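Laid out below as structure tokens are two forms of one and the same protein chain, each shown alone and named structure 1 and structure 2.
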Structure 1
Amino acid sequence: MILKALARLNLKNKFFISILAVILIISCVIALLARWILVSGLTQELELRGTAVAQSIAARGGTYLLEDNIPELLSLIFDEKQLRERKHLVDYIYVENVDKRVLCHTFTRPFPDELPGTNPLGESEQKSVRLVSLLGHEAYDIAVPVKEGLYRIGTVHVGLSKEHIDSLVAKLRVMFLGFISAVIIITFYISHRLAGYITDPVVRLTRISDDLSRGSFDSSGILDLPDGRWNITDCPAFSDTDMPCWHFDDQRKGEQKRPDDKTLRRCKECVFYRKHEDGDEVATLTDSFRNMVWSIRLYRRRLSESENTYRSLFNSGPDPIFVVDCTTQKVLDANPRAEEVYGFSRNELVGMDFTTLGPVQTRECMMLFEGGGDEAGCVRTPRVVHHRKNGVPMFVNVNACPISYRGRPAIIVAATDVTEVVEKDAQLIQASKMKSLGEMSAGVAHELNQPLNAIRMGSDFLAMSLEQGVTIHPEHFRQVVTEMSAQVDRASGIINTLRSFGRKADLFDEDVNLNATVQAVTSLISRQFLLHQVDIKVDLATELPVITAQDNRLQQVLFNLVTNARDAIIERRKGMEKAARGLIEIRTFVDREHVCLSVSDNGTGIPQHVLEKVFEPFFTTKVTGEGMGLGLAISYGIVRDYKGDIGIRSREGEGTTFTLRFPKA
């Protein structure tokens, strides 16, 4: 019960009550012991004094007793009773002879009848002390013998007033009570001040802790006690938070230390972490708490600087930046650039489903971060189609990284508007295709001449038969007309293929079958390549999966590869009298989760030191005027746009194989 009540008290009262209780118990024990010693000593002293008085009368009154000089004996006992302070202590004195007859006494009234015989003295006793009742009060009766030589001739009784002795004891008790009271008051005061002195730092630290837990540093300034030997601003890292450790180590000055040397993280004489070398545990705790508060202040300042930097970058970033909830995919925050580019106000963006801005690729990107995402990595998705508020599409490169936003997993998404770059890229590809069309013009003309000549021959035959009046057999007539129609279809197919290749590519992706791409390109260039004695061998896989790309752009990639293969074959035949026919093999196949297209030739091959540079823009091994070095660079960019890659396997003098790999749609 006491312990429970004590547990509910604060530390100050615990100290106060504990100190007070201990001191009071000790004081009471000492007082009781002292009282017992003093009272006992006082009583014994008074008895000794009474005995001395009785013995003095016995010694001096023996002669008067033998001479039966009662008046002198009476005068003697009155003198002894009235001597100085004895008149209050000695209540009575009387003398008996051996027959127990009272010879004289100091009573001013008749001698009490009950007194004789109340304190008999034995023959061999030298003293007898007994408490007797006398006329309504009590007295300590002390009896000593009166002797003459070896014979006992009488007895002297001295009565000590018990009331007087009790009065003396009461005065002594009051004195002790006063002493105890003084001790209690002094102990109370000292205990209260001592408990306050001990617990004040703890109370102060508790108040500061409460403020810190509420995010306030207002009261922490009371720890900045004047101390001439300690000033946090003396720490070099206090004003330079870019230091690897703000426990700046001046050991580095003039010394060469390894970057991983852990001694660099602590100064020889750190001005920050300082503690009193003397003092109690509370003082040490205060120093530790002050160091902790300063650490929190510094880290908070660094955090504030970091947040301000982040906020500045976020608000002034040249690209739209979004903070997206990892689970709900709702926009949690957006910078002013996002409002400017997308046309939405910040209030409209906050709370919007981020996939609304770009339904397809954005959703795929967000799926990578479901459940918190991978903290170690970011995701970059190029050329994602987003839509502005007015519905106008645009292309953006999306960089998404996982972060923690206000205590929950989120993604910070930077969307770089690359619409202009995509359009210029399309223009560059279109220009490259126009150049290719120019190169194909001779072969296309030759390809078109054949059906036109066939049609011309059929029409001439029909005209001549009409002029000469020759009757044409119906079956022969039907055959001629059918052949003319087939040649028209052939010419129309060539023109459509040429038109498809020459048109400007769309900016949006579609499902593409690489077999169709190969057939479209080879139908245009196969006859032209035959003029250069280059055969094209096509091996297409059946039931080839589709990929996500643009057929028109892939045609440009394939055209660049086969024309480079043709040029390599022509280059190899230079200076040879009987060169073998050139061969270009085009093959499509499936490699696990990828759809592949390979183009192999038996040309000159590519030197090893050139392989690493073939995809660099404007890098070419051709003579000036025959190539700008952009074909492979454009092809590489197109393949990468569709998450594909290009592999090269070449040996100088034997030929080269380009292999394109695309993920299945």
Structure 2
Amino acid sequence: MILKALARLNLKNKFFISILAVILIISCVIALLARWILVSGLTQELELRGTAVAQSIAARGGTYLLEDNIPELLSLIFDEKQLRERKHLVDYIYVENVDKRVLCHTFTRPFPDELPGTNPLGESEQKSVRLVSLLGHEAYDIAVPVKEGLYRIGTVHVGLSKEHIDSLVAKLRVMFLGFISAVIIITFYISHRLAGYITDPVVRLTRISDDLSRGSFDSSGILDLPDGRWNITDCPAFSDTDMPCWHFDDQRKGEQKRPDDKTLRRCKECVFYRKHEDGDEVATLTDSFRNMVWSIRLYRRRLSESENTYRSLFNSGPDPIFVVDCTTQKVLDANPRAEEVYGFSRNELVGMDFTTLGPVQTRECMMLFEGGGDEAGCVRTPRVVHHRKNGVPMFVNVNACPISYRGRPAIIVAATDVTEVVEKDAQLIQASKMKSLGEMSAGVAHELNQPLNAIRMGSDFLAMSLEQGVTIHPEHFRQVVTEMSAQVDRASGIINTLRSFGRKADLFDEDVNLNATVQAVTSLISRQFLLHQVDIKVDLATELPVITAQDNRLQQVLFNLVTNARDAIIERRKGMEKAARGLIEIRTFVDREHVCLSVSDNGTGIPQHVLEKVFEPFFTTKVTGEGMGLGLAISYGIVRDYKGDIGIRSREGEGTTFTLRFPKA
């Protein structure tokens, strides 16, 4: 109970009360001890004095008693009683003879009747002390025998005034109590001050901590030193946030440091860090606390600066940025650019399901938190279709990075609007296709001429027979008619392929069978290539899985690869006397999870030092004016769009193999 109450007290009062209690207890013990010793000592001393007086009377008055010289005896006891200060102490003296008759006394009034016999002295006793009361007050009656030789001839009674003794004791007590009180008061004051001295810094630190917790860093005042020797601006790390602070850097020890870290400026000996060389623990604690506050303040400042930087980045970013909750897929925050691009107001965006804007893969999102993605933990998805408020679709490159937003797993989704790029890309591809078509035109004209020729001759034959009135042999007639119709089909086939090749691709992906792509392209070019003495060998895998892409764009890629191969073959022939036949092999096959298409040729091959440059835009080995050097760059872009890749294997003088790999749809 008491302990509980004690625990509720603050430290200052605890100190105060405990010091006070200890002092009080000690004082009381001292007081009691002293009182006991002093009072009993005083009483004893006074008794001894009374006894001495009595014995002195007994010694000197013996003869008077024997002689029965009462007046001498009386004068003796009066002398004794009146001597110096004894008169206050000694209340009375009287002498009795053996028969208990009072011989003389010092009372100035009649001898009190109740006195005799109240303090009888035994036969062998040397002294007897007894408290007696007489005439309304009390006295210590000391009886001492008067002896003559061995015989007792009388008794001397000395009455010590109890009142006097009591007053002495009282005086002593008052003095003593006064002293104790003074001691207590002084102790009270000192303990109060001491408790205050000990607890005041703690109280102050507590107040500062509270202030800090409430976010007030300036009101704490702990940094304002009374000596004014230190200034905020003295710390270089405060104003220069680029400057590494050893506090800061020490915390980052675990992280990977840049190799040139040593060259960075660091506060080896922190300017602001203070430590008392001497001084008590409280002062040291205050200093430590002050340093801590400074660190917090420094970090807070850096944090707020960083927060402001990122906030302004978020707000002023040229691309829409969303914060999306991983589990509910709701938009938690969006920047102004997102409002602009998507056409929703911020209020509409926040809390909106992100799936209304575009696809968000929950699985991928969670994967980010499990450490999928690249080094920074981000996942990049190119060419995703998102929808604006008015339903207009657009293409965006999505960059998703995991963050923890208000304690929830979330992703930051940055969506770069690449619709224009995609469209430009499509235009570029279309342009390059048109160029290819132009290059092909001579060959296509030749190709178209063949069926036309057969049809023309067939119809001429029929017309001629008609004019000449000759009956056509039914077999010949059948031959002509079927051949003509076959040739018309052939011509329209060529035209269809041409049109599908020249058609502008729409921007959406479809399921594509690479075999169909190969067939479309080869039907267009194989005969022309034959005229260039280049054979095309096609080896298609049966039951090839489909991939997600656009047939039209893939045709362009394949066409580009095949014409490159042809050019390489023709290039190789230039230096040769006896031209070998060119061979282009087109294969489709499945490699684990990938659908592959390879184009091999026996042309010049690509020199090793050029190999890594072939996909660079405007890189060409052809003579100026013959090639733009965009073909492979565009092809690479197309293949990458469909998450595929292009591999090259080449040996100079022997040929090149391009292998396209696409993930299964």
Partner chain sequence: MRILVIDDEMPTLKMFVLILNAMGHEVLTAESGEQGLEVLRAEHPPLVLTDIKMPGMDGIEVLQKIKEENQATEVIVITGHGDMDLAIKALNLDATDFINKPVRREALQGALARAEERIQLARSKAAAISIYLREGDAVIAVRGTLSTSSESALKDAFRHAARSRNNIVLDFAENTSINGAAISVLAECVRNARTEGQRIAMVGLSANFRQVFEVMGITRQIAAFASLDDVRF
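This is a predicted model, so every value here is computed, not measured. Reference numbering: structure 1, starting with residue 1. For clarity, a rigid core is taken as the largest C-alpha set superposing within 1.5 Å between two forms.
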{"property": "Selected structure - criterion: the form predicted together with the partner chain", "result": "2"}
{"property": "C-alpha of residue 423 moved at least 2 Å between structures 1 and 2 on rigid core", "result": "no"}
{"property": "Threshold 2 Å Cα movement between structures 1 and 2 for residue 318, core superposed", "result": "no"}
{"property": "Core-aligned C-alpha movement of residue 107 between structures 1 and 2, 2 Å or more", "result": "yes"}
{"property": "Rigid-core-superposed Cα shift at residue 16 between structures 1 and 2, Å", "result": "3.1"}
{"property": "Distance moved by the residue 135 C-alpha between structures 1 and 2 (core-aligned, Å)", "result": "8.1"}
